[in-house]
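One chain comes next, on its own, written out as structure tokens in the form predicted alone.
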């Protein structure tokens, strides 16, 4: 694939504060669906705005098809943007909203007619030409915004959390539609979201960000199965993350037991983070378990049960279709391919224990204990 955008050593801060983007390097390719994924405040939207020309970097270069475009205004870049709030013109009908960019460019009427009908067919809104945009559903308005952004045939389409205002079922429908539209047009899509499932289901490439930095770039499968640090492992789905020691190639010790794994090329007796996804944990009779623990909670999730198990003070999450009861002692078995080994990082010991689902609950518990002591 041809490289279409290169971000080189991009740094950006506002009002002299700590950088919202810190030395970002990223290559984006033609016909790629790339997602910038991370929590609120991680820098993904400022990065999108830099690519679109709505902000300029403090340092570094933005290269578009070989040309430096740091100071090129948005209207001179062959890049369009779809915003979360759609930005449709309420006094114009569907046809006129989609036609607006071409009319601004003084495109002949016959060509406008042809292209608008082509775009509306692409986004499954054929027959909606005369409908007022104020009478459309959220999903239909989103389709109009996408058609308007695509009618000028940009080489890159930026999408800033465009599905955030939609309900769950409509959002899932639009995920499928967006992926289909991207494949049909061959346009590079750069999508911003904080929703992990959205990123994994739609993208060719996922860029995981936090605190203005890129932590990992890869396919959805690679990001999920081979996270590079505890932040990525915790942010992309659920993960049990434990302290371990890599005894030698293919052998790791954690929770007081030694396990076979598939990882190698660590130093002998190197401290590591051990990741086990909840769906990869097998529940077995106590006498057959490599580890044993007591069930502290059971939540029915529809397709599976979400079980929290106390194993020597560490709370594991297990996702299983087998029912077990609270206070029941169970055995845990782990196959070698269920265990993933990561280097220690600044995020070690911050994630992975399911005593609670957020730091806020832990902090409240600590405050309550302090009040009781007083």
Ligand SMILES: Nc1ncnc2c1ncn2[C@@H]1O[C@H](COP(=O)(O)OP(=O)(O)OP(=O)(O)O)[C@@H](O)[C@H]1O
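Numbering follows the first chain given and starts at 1. Since the model is a prediction, treat every value here as computed from it, not as a measurement.
Not on display, but discussed next: the form predicted together with the ligand.
Inset, instruction - Find the only residue in 41, 60, 331, 52 having a heavy atom within 4.5 Å of the ligand in the model of the complex. - result: Here the answer is residue option 41.
Legend entry - residue 161, heavy atom within 4.5 angstroms of the ligand in the model of the complex: Residue 161: yes, in contact with the ligand in the model of the complex.
Legend entry - Touches the ligand in the model of the complex: residue 194 (any heavy atom, 4.5 Å): Answer yes; at least one heavy atom of residue 194 falls within 4.5 Å of the ligand in the model of the complex.
Inset, instruction - Mark residue 24 yes when one of its heavy atoms lies within 4.5 Å of a heavy atom of the ligand in the model of the complex, and no otherwise. - result: Residue 24: no contact with the ligand in the model of the complex.
Legend entry - Segment that reaches the ligand in the model of the complex - one of 42-50, 62-70, 24-32, 313-321, heavy atoms within 4.5 Å: Selected range: 42-50.
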